[in-house]
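Here you get one chain, nothing else, as structure tokens; it is the form predicted alone.
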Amino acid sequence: MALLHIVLYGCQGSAPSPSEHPDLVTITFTHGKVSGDPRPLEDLIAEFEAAHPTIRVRDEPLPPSTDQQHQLYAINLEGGSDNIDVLAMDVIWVPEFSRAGWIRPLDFEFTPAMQADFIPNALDAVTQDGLVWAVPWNVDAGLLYYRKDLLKKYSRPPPRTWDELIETAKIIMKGERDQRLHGFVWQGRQYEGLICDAMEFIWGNGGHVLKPDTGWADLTNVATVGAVSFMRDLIHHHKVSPEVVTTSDEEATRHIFGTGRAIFMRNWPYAWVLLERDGSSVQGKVGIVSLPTFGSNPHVSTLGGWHLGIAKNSHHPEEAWTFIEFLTSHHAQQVMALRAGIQASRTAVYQDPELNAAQPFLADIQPMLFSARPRPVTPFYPMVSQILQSEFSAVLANVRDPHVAMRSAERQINHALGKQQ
């Protein structure tokens, strides 16, 4: 409990005392640090407070790493902390948090009529055991960014398959004769982002991590091992991805691409606004398409995004719900999409003319956002993720054979699941 208390209150000052403001309620909103510009969210919170003079929001950004955020939540919520009211949860956390009793069900507040306005796959991610535990705040899907100017210069279309990406990257790298120009950058550091990227390679090759019918790990299938081998080969065999990807997250890859040092990049939609802002080295030179796939397999993106829930021990659940309603409203989601590049979970926002004019790629990527696949759905996902992160990372560093790594991960996961179930 003390750990989160230090994070939450160390720099915020004290809230007004009840004796000074008898009708004032202060709720604490914990969430990951917004990528890029935090001002749109700050402005929305100020707008909410102006419209609700008896509610104040203590805005408490957590570290940007989802792994660190999860650790802080787990320590404090399991310890019975009452210092959190509204919490932003990664899409993969809802089954775990609901099973652990850390959040409140929202069925009475978040009615079926309200749910009808949200993207179906986002709703699926907040539903567990027949109950709804959170409201989708935003959605994400992995996308391929590319340099329009360079592909045009070499008469190359955006790649549909990974083989086409490798071919195009090699042609352009050879033609440009710039050792600083990389072919393809992505998120390969040992953290949750690596799982997102790896799942896209695995699904695109027809593989899987958990068997849909049994829920047990199955990582030694040919398609999964082949996909993991391909990730390694991008770095060590094809050499279109630099070794720095093994230590890169979203912002590191965005910086490489944004300074003109990469032809292709895998990232989330938020990067578009930052790449197109004034002063960007690649402003006006960026295109976005679906991620490549293998052969004739369908294009697949990992479902990302964040959901808003109410902590079980919150003393102000009614005020917390009022705040969640506001942050997930059409207006608030439109603001975050326009100003921060964070894509909405409400379907109607995608019909907004202003948003489509500002982000012309939306019409092309909307199907990917609406059909993105969730990572393995299990209350024990953090344990599964930690095992996979370690084994994937060893393969990318070229210190472990992909077959050996996947056999080890499969054995560890099934052993751990057997102990839990």
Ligand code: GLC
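Nothing here was measured: the structure is a model prediction, and the numbers come from that model. Quick note: we count residues from 1 along the sequence shown, nothing fancier.
The next section is about a form of this same protein that is not shown, the form predicted together with alpha-D-glucopyranose.
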Contact residue in the model of the complex, chosen from F184, Y145, W137, W268 - any heavy atom within 4.5 Å of alpha-D-glucopyranose:
W268
The unique member of V209, I103, V91, L308 whose heavy atoms fall within 4.5 Å of alpha-D-glucopyranose in the model of the complex:
V91
Under a 4.5 Å heavy atom criterion, is E96 part of the interface with alpha-D-glucopyranose in the model of the complex?
no
Contact flag, D85 vs alpha-D-glucopyranose in the model of the complex, heavy atom cut 4.5 Å:
no
Although alpha-D-glucopyranose is absent from this view, report whether A344 comes within 4.5 Å of it in the model of the complex, heavy atoms only.
no
Just checking whether R375 would be counted as a contact of alpha-D-glucopyranose in the model of the complex - the rule being heavy atoms within 4.5 angstroms.
yes
In contact with alpha-D-glucopyranose in the model of the complex (heavy atoms, 4.5 Å), from 213-221, 299-307, 176-184, 121-129, is stretch 299-307
What residues of 192-217, in sequence order, lie within 4.5 Å of alpha-D-glucopyranose in the model of the complex by heavy atom?
E192, G193, C196
